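Listed next as structure tokens is one chain, alone, in the form predicted alone.
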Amino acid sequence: MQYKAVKLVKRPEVRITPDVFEVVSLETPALEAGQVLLRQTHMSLDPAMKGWMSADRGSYIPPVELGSIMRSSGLAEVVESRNDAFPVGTRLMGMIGWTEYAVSDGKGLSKVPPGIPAEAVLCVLALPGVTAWKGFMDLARPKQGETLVVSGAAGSVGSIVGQLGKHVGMRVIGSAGSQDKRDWLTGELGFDAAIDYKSPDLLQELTAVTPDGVDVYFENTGGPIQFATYQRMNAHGRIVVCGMISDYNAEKLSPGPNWINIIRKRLTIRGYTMPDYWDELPDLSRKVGEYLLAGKLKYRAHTLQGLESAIEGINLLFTGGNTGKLLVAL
């Protein structure tokens, strides 16, 4: 049986252009003992992919090799099995790649309980949820009564962080680039306020909604919101840096703020990436899953159709064009 896959054949420069990919037709191989054939049903598109495409070998994860299938996480169903641990019909999530089918021995993949919608799996139980939980609940050390600011708050990670902050009992402020996204944050998700990171009066607007300063800043984007929030940090505040999406497609990286405020306010700034915590993924997924099943976490998906839609669609992540967790339905 033939199936389609997308290989990375060129390193992107500033933007991810279609010519960095090649769509190929492959033949499903005969399975060996211990292997399963997966049919991927849904694929996740994430900002980190831009870094995975680069030639940088000093990053937290090796780059995708040219000529290899593009890396991504996804949800798949076992359609043929020579592994008793994964019978036909088992749903698995993990790193599968830009491909309709894949062969695996099951290592690095997690079973997904029946009955959970595919969108909920990739919007919450997969990387967004565990990334949000680890960075916020474990590294930011949130406390009831504190003020939290989340950049990229309408994104897959930021929206979960903000909701967790409300459950902790914090005042939660989000930044987002469109009125629709800001309305979703304050309306459906219960944020206390949402501001436009593109506003020419950003610092004044942030000051107005953080009268007691900021105790925790969860950084997804960089850019002007970073500078404004840095100036509002309270003594012993914590800044957790998950992403810098505003710089991923920039020709020149933004300069950082002066470090004097780190000393004056005794700030803790912590960068993190999830590959450092792979051994914790089952436990983190269980924790965030309990909140999901209890109805404490809401999500919004932006779903593209068909494998090849990822080639152009991935750029929605860097223009703000997606209106929720960006997925591809295969």
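No experiment lies behind these values; they were computed from the predicted model shown. All residue numbers are counted from 1 along the displayed sequence.
Although it is not shown, the form predicted together with a small molecule is what the next lines describe.
Options 240-248, 255-263, 96-104, 82-90; stretch whose heavy atom lies within 4.5 Å of the small molecule in the model of the complex: Going through the listed ranges, the match is 240-248.
Triplet L127, V157 and Y197 all within 4.5 Å of the small molecule in the model of the complex via a heavy atom: All of them do, each having a heavy atom within 4.5 Å of the partner.
Partner-contacting position among V161, A76, I173, A176 - heavy atom within 4.5 Å of the small molecule in the model of the complex: The residue from V161, A76, I173, A176 that makes the contact is A176.
Among the candidates A48, L292, L37, L304, the residue which, in the model of the complex, approaches the small molecule to within 4.5 Å (heavy atoms): Contact check passes for A48.
Contact of P12 with the small molecule in the model of the complex (heavy atom, 4.5 Å): The answer is no: P12 has no heavy atom within 4.5 Å of the small molecule.
Residue contact check: R71 to the small molecule in the model of the complex, 4.5 Å heavy atom: Outside the cut-off, so no.
Partner contact for I61 in the model of the complex: the small molecule, 4.5 angstroms, heavy atom: No, I61 is distant from the partner.
Q226, heavy atom within 4.5 angstroms of the small molecule in the model of the complex: Outside the cut-off, so no.
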